[in-house]
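Shown here is one chain on its own, the form predicted on its own, set out as structure tokens.
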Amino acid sequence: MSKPKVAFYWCASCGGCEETVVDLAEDILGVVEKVDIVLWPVAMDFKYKDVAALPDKSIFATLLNGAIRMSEQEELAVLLRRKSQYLIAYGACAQLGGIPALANQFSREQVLKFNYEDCPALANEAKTRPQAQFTEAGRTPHLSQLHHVVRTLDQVVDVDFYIPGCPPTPNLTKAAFEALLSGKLPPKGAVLAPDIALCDECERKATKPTDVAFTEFKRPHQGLWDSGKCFLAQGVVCMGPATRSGCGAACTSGNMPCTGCFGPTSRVRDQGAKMLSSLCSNVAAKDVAGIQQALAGIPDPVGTFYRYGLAKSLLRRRVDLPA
């Protein structure tokens, strides 16, 4: 009997999700014994044409990480959806848009102009930009095109399951493989991680304030924080109350506040809005000057509250940008 075929693909992301698969360490040997990897460009040599030649639904499961911001990524997402029985959004970028989706604050023209014309570290006097195609020496190469907006995987194709995190933990990855291979799967659309807030597994939860009046907000680099006390009680923005657990509270255990990479629980529609409304409703000042002084400690609200989830949020992108 042939082994189930599995594919891994990398779209707009940093590569950390690929590292997590490798971080399975000796457990990856057990996975490899049970599956046949038919696509993993970051680790092995595969050709798209070989995947295209596979019968539809012949791939048992594809773990796709990264957001969709280039035409090639959209084409492969559509192809892998057609070839796969299960398509899994693997990691924060595929699930929520991730760091790449912060580009939705800018137009495509702004992104291209800065990267190819105005970037201080760039040597491009001719201000040359990549072209979709060009002809040279009788050859006509085609390059992927940058879309106007960064999208999550499920904004492009149908997704069966989600594995959250930036990156997902090896434990969640292993558990997902075990569930897939055993057939013991939750309902379609489920996030394969605990559906409780991060605060519930944080060692500092006993000191989480129930009644707080913020007079100022501090950034992580502005102090030496009490490792046994809730960050919110110390005036540091921590996304724990609005974020799903399952990471083992790795950041807070390392004395850094949660930045929200596991996304919201099923009870939260917009992760950033939930956290922002909670903090702002507890600002001590009631006058405009006092409120502005307190909020000055959060100089980048989008990067703070929507660091991973802008593409999937109610905002999604700036509405005054050209299409």
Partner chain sequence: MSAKKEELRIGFYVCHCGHNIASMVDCVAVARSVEKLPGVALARDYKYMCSDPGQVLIQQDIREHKLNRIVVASCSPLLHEHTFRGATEAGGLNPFYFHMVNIREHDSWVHTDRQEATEKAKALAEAAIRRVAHHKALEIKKVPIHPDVLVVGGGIAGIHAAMTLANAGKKVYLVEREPSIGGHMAKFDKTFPTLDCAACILTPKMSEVGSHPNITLWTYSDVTKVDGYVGNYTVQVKRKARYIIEDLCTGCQDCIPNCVFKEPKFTDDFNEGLGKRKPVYIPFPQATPQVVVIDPEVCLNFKRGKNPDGSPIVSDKCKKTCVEACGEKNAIDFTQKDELKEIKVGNIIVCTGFKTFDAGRVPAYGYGTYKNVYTSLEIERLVNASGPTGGEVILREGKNPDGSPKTPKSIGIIHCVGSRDKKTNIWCSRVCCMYSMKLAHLLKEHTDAELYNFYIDMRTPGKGYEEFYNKLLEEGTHFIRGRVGEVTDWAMTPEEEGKLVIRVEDTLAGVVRRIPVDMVVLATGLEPQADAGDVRRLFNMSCGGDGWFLERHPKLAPVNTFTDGVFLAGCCQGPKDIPDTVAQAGAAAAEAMVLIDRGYVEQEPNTAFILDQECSGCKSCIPLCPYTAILFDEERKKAYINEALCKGCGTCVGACPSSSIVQNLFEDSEIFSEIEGVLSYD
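Residue numbers count along the first chain shown, from 1. Model, not experiment: these values are computed from the prediction.
Quick note: we don't show the form predicted together with the partner chain, though the next part is all about it.
In terms of contact with the partner chain in the predicted complex, the residue from A233, L112, L185, I196 that brings a heavy atom within 4.5 Å is I196. In terms of contact with the partner chain in the predicted complex, the residue from E72, E216, D200, E117 that brings a heavy atom within 4.5 Å is D200. Interface residue remark: A206 is counted as part of the site for the partner chain in the predicted complex, having a heavy atom within 4.5 Å.
Interface residue remark: K47 is not counted as part of the site for the partner chain in the predicted complex, having no heavy atom within 4.5 Å. Within 4.5 Å of any heavy atom of the partner chain in the predicted complex lies no heavy atom of P100. Put simply, C247 is far from the partner chain in the predicted complex: not one heavy atom of it is within 4.5 Å. With the partner chain left out of view, the stretch that reaches within 4.5 Å of it through heavy atoms in the predicted complex is, among 208-216, 136-144, 159-167, 119-127, 208-216. Along 261-293, a non-hydrogen atom within 4.5 Å of the partner chain in the predicted complex is carried by T265, R267, V268, R269, K274, M275, S277, S278, S281, N282, in order along the sequence.
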